[in-house]
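In the structure tokens that follow, the same protein chain appears in two forms, which are kept apart as structure 1 and structure 2.
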Structure 1
């Protein structure tokens, strides 16, 4: 217990260490727009909220409940929910941004860089500072909403790293100790081999071969200093391309070996997007899977019978050391064209900040506020505590937040990753190709560190 408390204190401080944007917003302009209480504006207000969260199970119900509570507490404000399927949020946002008709509060499921590309989000730095909110968010979560110039454009609704989920019942069936999940890569491969039984449609490890391939970064990052996609030099603004570093290549070779040599990954891995992996784990077709804190409730809602039959452990690393992982957050922003910035911000603050502990405690999506960490339902949750521990050393990858071209670059990496997985290219060739494509896109904003041929 004391260990956990200590961890929590460290977590609260890591902001300074990762401190990408320390001391922004220090110059607080003295504008009256936010100084005046918002209630003064007369007449009822309707806010448009664009979200995919209300469509998710079970998070949607808690989110709806929070919205209803907000409307009750603020009788002058009505929230009009515009539910958009996850895959189509960016389509709608693009159209809305071009048409200058943005919703008042917007789901940033596609990452901050797209908000910046489309100039879709209102700068809320001043409002956040005025209410002293910067200090009450967990720094690594808040960072997902801060752009390259240090402006706060969004607030995190939930956050998390990836940890290893494993089926304890499968471990027992295979004669493995369910209290000793794999820590090293070697152990991961051995455990996965022991769990794999193709005839029963069971594979030891689930991997993201179609979408969310960014999750392979977790393997690159822990394999040495140059294991990553890119690194930003803040002084020069130049992105160093690391996707074909020896460390990155070795990490991908390890993952590919799981699929091709050891055959512990479903044979159709390149068809498997996020929902397919969740479904495969919940149905027992895979025995281990790495994903974020939202995984637990999602598995249970998919298959209620697996409640109590899976555990969560730290993400495996090459030699079993504590992992350094990228932290991903879902941010929400206020639409740039909103006519009701005060009300929109009040609502945004309500659900991302004031009531976030409620959401984190019930939906078990990772907490974003320091207050949530004090909630025993969160701090003592056996799963969430693992993620909190990982968050201590987690980082926000600047390219996911600040690099406007990241979506395009990711789509250059994915096919190479798939080519390596299906064996149509060897890993080195594939990653060198990815590196040269990165270099093409970045132009003089990027530099290759390792030769591509």
Structure 2
């Protein structure tokens, strides 16, 4: 029995398997023959779709194809696309929520917590149950759209953990074995040092110093039981603050050492957001980078010459053991103020469920449906198989799903992380400051486990 078969079975263990969705295996980049089921309309309807995915390549083209297919089969429904860069999605959503004028279908790039905090998403639990959809999603993917009260507020479009991408051509140039990527933190540091050549404008490791800094959680989580941002006690409803735990501090000190001691990350690290890191890896300015399954095709679309020159491996851990990582699912929701909830849900179901296998197989983004796991184009993909393996031990962090104040707290963490990166604060001081601000935001819903002075 292959590891891929075993992985698929284990991913399906926590939910009853459903029949295979029509169109699975449709991995051709040409126009699909899968037809959106037509629906009798009471009149022309325009649905506003706020998304960043159409801006990504090549994924955006596949998404647009799916939208066009839906419109063709539903001629009385027009999808009005509002493209917003992912870094601006939350700002846009906040403005729409305050104006009580939410798009009909909304990109949840920022996570479920802000949907909850802004009361922006329509409760679609009954609709999901009526369509029998709950059991056809991979449980860990669907969990990202379920709030603390058990309401389904969104459906996942794609999912994935972070893994380590590395330039095999750079490994060969440095005399390293491209079939032996680093597994431990020490190996990651040593490999990054061997790959770094500042005179050539090349650094061994790319790091998120501007946005997407939540990715540091992947290092914190694997450094001991208290390595994390927060932990929820479901019996009491109290959030224990762990961002300044010894394990969290040690993990951040390791990452800061890559920047400040070993100097294996670009010197402008605090300016490096996701697009900048993608561009640097694709151009050959960095040799290793952690990101999700969407990374492979994004790198190739950024620089086609990179195809065949990079690999992917499990995320490094302190001791090389299998990583435990946060599972990041991108959800989409129906806007609470929509005047067309039935049509909006129908479209939402179309692209997140019915055609998700097609999207995952072509865009190479992480599958969210059980049907997608059976598509050979997904199951046999050498990159996606690594992410499927990591998903077996992945977790959905409660604070990202259930805590309405999470984005406010993340906004307090980010500048402290940056202060540590540039050396204006030592790591302990920076994380103690973050912990104090977490406590202020949480009030009597939070408790400090570790002293902040």
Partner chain sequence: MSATSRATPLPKRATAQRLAPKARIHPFLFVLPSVVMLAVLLALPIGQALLRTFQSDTGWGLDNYVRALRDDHLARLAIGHTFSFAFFSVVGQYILGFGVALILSGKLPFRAMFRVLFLLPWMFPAVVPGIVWRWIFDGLFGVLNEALYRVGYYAETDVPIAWLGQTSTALGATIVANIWRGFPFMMILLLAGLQAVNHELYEAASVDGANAFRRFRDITLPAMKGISFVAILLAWIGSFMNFAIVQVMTAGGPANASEVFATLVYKNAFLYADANYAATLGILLLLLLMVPGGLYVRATIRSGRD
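In this text, the rigid core denotes the largest set of C-alpha atoms whose superposition between the two forms falls within 1.5 Å. Residue numbers count along the first chain shown, from 1. Keep in mind the model is a prediction, meaning the values are calculated, not measured.
Between the two renderings of this chain, the form predicted on its own is found in structure 2; structure 1 comes from elsewhere. In this overlay on the rigid core, residue 77 has a C-alpha that sits 2 Å or more away from its partner position between the two structures. Residue displacement note: residue 338 has its CA displaced by at least 2 Å between the two structures (rigid core superposed).
Relative to the superposed core, residue 300 shifts its CA atom by less than 2 Å between the two structures.
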